[in-house]
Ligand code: ACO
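Before any questions on binding or motion, here is one chain by itself as structure tokens, the form predicted alone.
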């Protein structure tokens, strides 16, 4: 923070108001406009909140211009290379890296809370067989408040931590069971001897009739994906969790609201859109170059999905990290038929984006969604599960942001203003005279 101010002058009345200029540890300075309405009677207008800081946070920092992403001050590159998803979870919710003993205790705590209440199995059966796994996840997570209401005093820090542990532990089980139910397969219970990602893969793919051993490379790739998606500042779903939580809603309801926001194709569905684009290209019978030319044509609505980013105006730092394991996975995994053709098209598109001057000049590099979509395709994960896994990864970010908001003595219930553009002062006409 600083003692600097910005002076706003109302040209109509000549009245002046000095607004505090806040200085973050890194990033653009921010004008505190909280007194603007009181002093001048004005609101600000910022569709999509692209220039508005809705909160102060010490969790995640990103610089889109420089391609920087940090969790609690630690560069994502270091965490991806040296950490694990559960260690990142500990870092986010505890604001520090754990000691060896602390990490062992945390992993034990998470591993031993992966089971769901047995009655929840019957809850799944209430959905149609063809229900989308995201629809199931929204409903089941929202219902957790009816099953785990013993530690839901949101103003108690200990209760908030217990809730965080429960959500991190149970989300892979909910995700895997959502898939199993939609596929008509029997539910597989968690196995405590497995790692977090191995356990998820086991619950997704194993069958009671035969032994399943998770592929170590798949588990490693999935762990990296979870790390890279653990949090991403005040995006649409995180802002939704904060807004829902600002009314003192229980944490399960707030996270369910975040899952619903993530479900939107403009947010969590980007990697699914990548695969659909690859399918469109292959099924068209046209050359890849013809689609590249369409993407360059400003009069053509076609866009290459998975390239560029709304926030990052440089290379998405997460994409650089996931690209390495994506290529490793493609070299080591066997693929056949349609899957192989899609992967070949994806790699050809990557080559174009990294070498074509049109894309390089506009910073339209492959983003994290491009590579995660390819990895999921290579792993045999169906498209309707892509966003479910995104939600599983982002749960720790959502619950950490929620807890941070509640620990802030200055937090208030969210109540955005509006620029009203409708009619006023109309006279009611009785229905007989209309």
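C-alpha atoms forming the largest set that superposes within 1.5 Å between two forms make up the rigid core. Residue numbers count along the first chain shown, from 1. Being a predicted model, the structure only gives us computed values, none of them experimental.
Absent from the display: the form predicted in complex with this ligand. The rest refers to it.
Transferring this ligand from its position in the predicted complex by superimposing the surrounding C-alpha atoms leaves no ligand atom within 2.4 angstroms of any backbone or C-beta atom of the displayed chain; the site is open. Only one of 329, 364, 275, 243 lies close to this ligand in the predicted complex, with a heavy atom inside 4.5 Å, and it is 364. The single contact residue among 132, 286, 121, 313, judged by any heavy atom lying within 4.5 Å of this ligand in the predicted complex, is 313. Note on the interface: of 319-327, 252-260, 351-359, 147-155, the segment with non-hydrogen atoms within 4.5 angstroms of this ligand in the predicted complex is 351-359. A residue is said to contact a partner when one of its heavy atoms sits within 4.5 Å of a partner heavy atom; residue 306 meets this definition for this ligand in the predicted complex. Among heavy atoms of residue 267, some come within 4.5 Å of this ligand in the predicted complex. Although the partner is absent here, residue 211 lies well away from this ligand in the predicted complex, with no heavy atom inside 4.5 Å. In the predicted complex, no heavy atom of residue 388 sits within 4.5 Å of this ligand. Contact residues in stretch 66-87 (any heavy atom within 4.5 Å of this ligand, taken in the predicted complex) are absent; none meets the cut-off. In this overlay on the rigid core, residue 356 has a C-alpha that sits 2 Å or more away from its partner position between this form and the one not shown. After superposition on the rigid core, displacement of the C-alpha of residue 307 between this form and the one not shown amounts to 2 Å or more. Once both forms are overlaid on the rigid core, the distance between the two CA positions of residue 61 between this form and the one not shown is under 2 angstroms.
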